[in-house]
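Single chain ahead, by itself, as structure tokens, in the form predicted on its own.
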């Protein structure tokens, strides 16, 4: 297994900057995810790590080995593509053995390693099947076996679950995580799915327009977002502008645009937030941390219900609070179908108020 170091890597296409300054260190054996919306630069970054594209500047190293301009076949990587890239004219066994054959591994060893790889992905005995004879989920596992059979130092996965239905996605991502833990292989995963990234990752790098927004554990990026983009992309926070009215001791009280006041703890904030009375900042509120008012008068927000839905486990509300849509999720709560259009009050506990730097 190997560490992967990107040292101020930049990628441009003419005047367009696809990746601005990728500068991070992936630890040996880590499950590391590149996350962001389409066009953010995550796949370009993965392709540079794989060797399918070279940086315009900067270096890529596997431990102390500079691989910046090496071709993919010289990097000791395994890769699973979004479309699996299986050969339809070959059997399952021949597909999995492809990398071993090109490396001139003896046939007896090929046979042994193919069987072992297929067992790992729960496809033992499928060697003689055709690609067309198995399901999409099984094809994904064949692609994973083909990547693992060469015993790579690093495993790269480019949105490998995007072609699967929701139930199969959940099952397969659990399988990928299980295999990664068992093998201890350094794994770099690309996805635009926040829940997927949270479920499998040791750490997540969030990107927007080629620029790194935050790097941290799932807990850190969810509970301590560094800016508005991360807050709204990861946790579906409602972000509200506010003015600081009072900042004493460990507490800060702010006034929202529609006149409501919220008090929170100063320590629950992104880096760089300052507390000067009269200055503006942003308040980020997670849907599941908002509670029905139930007679409370402190930290109270009131708005008009514009949407209510029941998911079985929870009720999801959208409230119009002075022109801003506030998301609220109540666990084990049945929404009142007559609530649409009605005024509704919610309470935000002090420890659930999170402060972000005000926007310039």
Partner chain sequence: MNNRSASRRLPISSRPWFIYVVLLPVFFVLLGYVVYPLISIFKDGFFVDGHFSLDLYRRFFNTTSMTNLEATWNSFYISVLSVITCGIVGVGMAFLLESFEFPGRRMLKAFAVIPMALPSLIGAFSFDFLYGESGIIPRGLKVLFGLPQVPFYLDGIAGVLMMHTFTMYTYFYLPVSAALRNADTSLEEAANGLGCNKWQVFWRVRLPMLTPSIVAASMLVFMISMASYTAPLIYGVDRTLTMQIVISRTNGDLAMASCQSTILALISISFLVLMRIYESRRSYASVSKGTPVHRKEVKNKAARVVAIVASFAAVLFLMLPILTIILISFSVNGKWTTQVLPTQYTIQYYIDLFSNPKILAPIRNSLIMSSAATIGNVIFGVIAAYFISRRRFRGRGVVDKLIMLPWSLPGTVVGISLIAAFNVPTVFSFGQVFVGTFFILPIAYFVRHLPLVYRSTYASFAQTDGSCEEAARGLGAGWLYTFGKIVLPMVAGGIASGAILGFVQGIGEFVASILLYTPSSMPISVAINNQMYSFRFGTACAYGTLQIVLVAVLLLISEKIKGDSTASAI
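Rigid core here is just the name for the largest C-alpha set that superposes within 1.5 Å across the two forms. Here the structure is a predicted model, which is why all the values come from computation and not from measurement. Residue numbers count along the first chain shown, from 1.
Missing here is the form predicted together with the partner chain; even so, the following discussion is about that form.
Visitor: With the partner left out here, if you bring back the partner chain in the predicted bound form, are 56, 101 and 132 all within 4.5 Å of it by some heavy atom?
Guide: All three within 4.5 Å in the predicted bound form.
Visitor: Would residue 250 count as touching the partner chain in the predicted bound form under a 4.5 Å heavy atom rule?
Guide: Close contact is absent here: in the predicted bound form, residue 250 is far from the partner chain, nothing within 4.5 Å, heavy atoms only.
Visitor: My question is simply whether residue 52 lines the interface with the partner chain in the predicted bound form - judged by any non-hydrogen atom within 4.5 Å.
Guide: Within the cut-off, so yes.
Visitor: Give a yes/no on whether residue 332 approaches the partner chain to within 4.5 Å in the predicted bound form, heavy atoms considered.
Guide: Judged by the heavy-atom cut-off of 4.5 Å, residue 332 is well away from the partner chain in the predicted bound form.
Visitor: Does at least one non-hydrogen atom of residue 141 fall within 4.5 angstroms of the partner chain in the predicted bound form?
Guide: Answer no; every heavy atom of residue 141 is more than 4.5 Å from the partner chain in the predicted bound form.
Visitor: Please pick, from 269, 283, 205, 150, the one residue with any non-hydrogen atom lying within 4.5 angstroms of the partner chain in the predicted bound form.
Guide: In short, 150.
Visitor: Tell me, out of 85, 195, 166, 116, which residue has a non-hydrogen atom within 4.5 angstroms of the partner chain in the predicted bound form.
Guide: Result of the distance check: 85.
Visitor: Select, from the options 235 to 243, 275 to 283, 174 to 182, 73 to 81, the stretch whose residues sit within 4.5 angstroms of the partner chain in the predicted bound form by heavy atom distance.
Guide: That would be 73 to 81.
Visitor: Once the two forms are fit on the core, has residue 103 moved its CA by at least 2 Å between the shown form and the other one?
Guide: After core superposition, the displacement of the residue 103 C-alpha between the shown form and the other one reaches the 2 Å mark, so yes.
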